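To begin, one chain is listed below as structure tokens, in the form predicted on its own.
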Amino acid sequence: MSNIREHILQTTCNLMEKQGYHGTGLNEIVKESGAPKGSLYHYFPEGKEQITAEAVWQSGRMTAKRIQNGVSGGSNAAKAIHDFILNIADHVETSGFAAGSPLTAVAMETATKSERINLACREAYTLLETAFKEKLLESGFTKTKAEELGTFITATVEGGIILSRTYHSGNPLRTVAKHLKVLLSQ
């Protein structure tokens, strides 16, 4: 894959993470990425919907990889997931409450507007759920319980990100981390 294409996708992820789908225009993507306007249309001939769907899917892959790396190692699921969420809280705070996940903003804004983007969001969230599920399976949870908890953890973290950004405090995510640790230790 082209470096220019990758850079355009990463720029799109960064912009949508900060300002959402509707707040991000193609001209802004071109300006922020430094890519020639023709490159945008060369790599993404179907326009904003295509670039958004691909950016969301890429973000899901990268976030799932971060989850896998963040929870890997010898720690049990309860501790590993707790510590991973604390890192998210710190990241949201150090970003000035602009970071968290492009998935959150895009999913909320496009859920009923674009089937293509909604499908990309669903696939991305499935990757996140699976990353948590794998750690839970490794820690001895049954397949059914790990799948349910993978969804629960993903939903809880996404809600924690929304609240942390809204309240300008990482404390909602720290609360999520604390209570998930208790739940996963039982």
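Owing to the predicted nature of the structure, the values given are computational and were not obtained by experimental measurement. Between two forms, the rigid core is defined as the largest C-alpha subset superposing within 1.5 Å. A residue's number is simply how far along the shown sequence it sits, counting from 1.
As for the form predicted in complex with another copy of the chain, it is not shown, yet the points below apply to it.
Put simply, Glu158 is close to another copy of the chain in the predicted bound form: some heavy atom of it is within 4.5 Å. Proximity of Cys13 to another copy of the chain in the predicted bound form falls outside the 4.5 Å heavy atom cutoff. Contact check for Ile81: no non-hydrogen atom falls within 4.5 Å of another copy of the chain in the predicted bound form. At a distance threshold of 4.5 angstroms between non-hydrogen atoms, Tyr41 is out of contact with another copy of the chain in the predicted bound form. Interface residue among Glu138, Glu46, Glu32, Glu148 relative to another copy of the chain in the predicted bound form, by the heavy atom within 4.5 Å criterion: Glu148. Looking at 156-186, the residues that come within 4.5 Å of another copy of the chain in the predicted bound form, counting any heavy atom, are Thr156, Glu158, Gly159, Gly160, Ile162, Leu163, Arg165, Thr166, Tyr167, His168, Pro172, Thr175, Val176, Lys178, His179, Leu180, Leu183, Gln186. A movement of the C-alpha atom of Ala98 reaching 2 angstroms or beyond is seen between the shown form and the other one when the two forms are aligned on their rigid core.
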